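Just one chain is shown here, as structure tokens, and it is the form predicted alone.
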């Protein structure tokens, strides 16, 4: 196996494993729009990184964290729904990002690489970034998994048990921000949300517990990465979109399978 393909495979599998638990929590909380907001806001992070000559992943992380904090602060006013706030934050950050890029006419930026990723060009340093972020995310998730699940299932009872829902939610949003920042080069900013949601949504079709859903989501994500890279190398298609396309096929197959199973059960 060529080294560039090995690096792509390792990086993609790491992102799939990191995305699995976060994706399950996103699906359970119906927060897909927040992931999309982060992907839009990341363009502002790219612009700031290029303008200030800083590591783009660092500025994407800082902007994503800022968006998460703004969401928590604005929600306290309780005058607008969460999806309205997210829509405003997404398009505002996207607009400021585009304006910042136009202020650098002498700088040529390959936005396609940032938006749709290029997993075949990642190096060992990128893999260390992903692995480091993944270890941090996993460690924190182990600490907050049970409390966060409790707040999702029944917020009032979780409050009685002493769990601070707002604090747990903020930590979760920060973990999502880290995942977006370190996964940028694998499938790109616009497709990272798909890698978060599609495997988790697929796993939900045939899971009976949160832990089982997490395991299946990781398996579907890894399978999507392997099959997507295989298709990309065979048909010479973009790797990132190929990975997401494979994940989408798995989702629709599981949807059809669960529908057929439900029909067979009802017919008996």
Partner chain sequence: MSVDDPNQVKAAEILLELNDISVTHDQTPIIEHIDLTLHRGEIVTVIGPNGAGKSTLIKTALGIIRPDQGTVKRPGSLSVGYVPQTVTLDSALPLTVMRFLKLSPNTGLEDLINTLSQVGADGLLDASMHILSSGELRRILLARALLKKPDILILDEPTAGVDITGQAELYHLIQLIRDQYQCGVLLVSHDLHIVMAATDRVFCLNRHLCCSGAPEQVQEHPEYLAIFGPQAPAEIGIYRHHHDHDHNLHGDVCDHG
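Positions refer to the first chain, counted from 1. All figures in this text were calculated on a predicted structure; none of them were measured in a lab.
Note that the form predicted together with the partner chain isn't included here; everything after this is about it.
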Answer yes or no: in the predicted bound form, does the partner chain come within 4.5 Å of a heavy atom in every one of 204, 207 and 211?
yes
Would you mind picking out the stretch of 150-158, 186-194, 89-97, 132-140 that comes within 4.5 angstroms of the partner chain in the predicted bound form, counting non-hydrogen atoms?
150-158
Distance check, residue 116 to the partner chain in the predicted bound form, heavy atom within 4.5 Å:
no
Heavy atom to heavy atom, is residue 33 within 4.5 Å of the partner chain in the predicted bound form?
no
I'd like to know if residue 128 sits close to the partner chain in the predicted bound form, meaning any non-hydrogen atom pair within 4.5 angstroms.
no
Does any part of residue 27 reach within 4.5 Å of the partner chain in the predicted bound form? Heavy atoms only, please.
yes
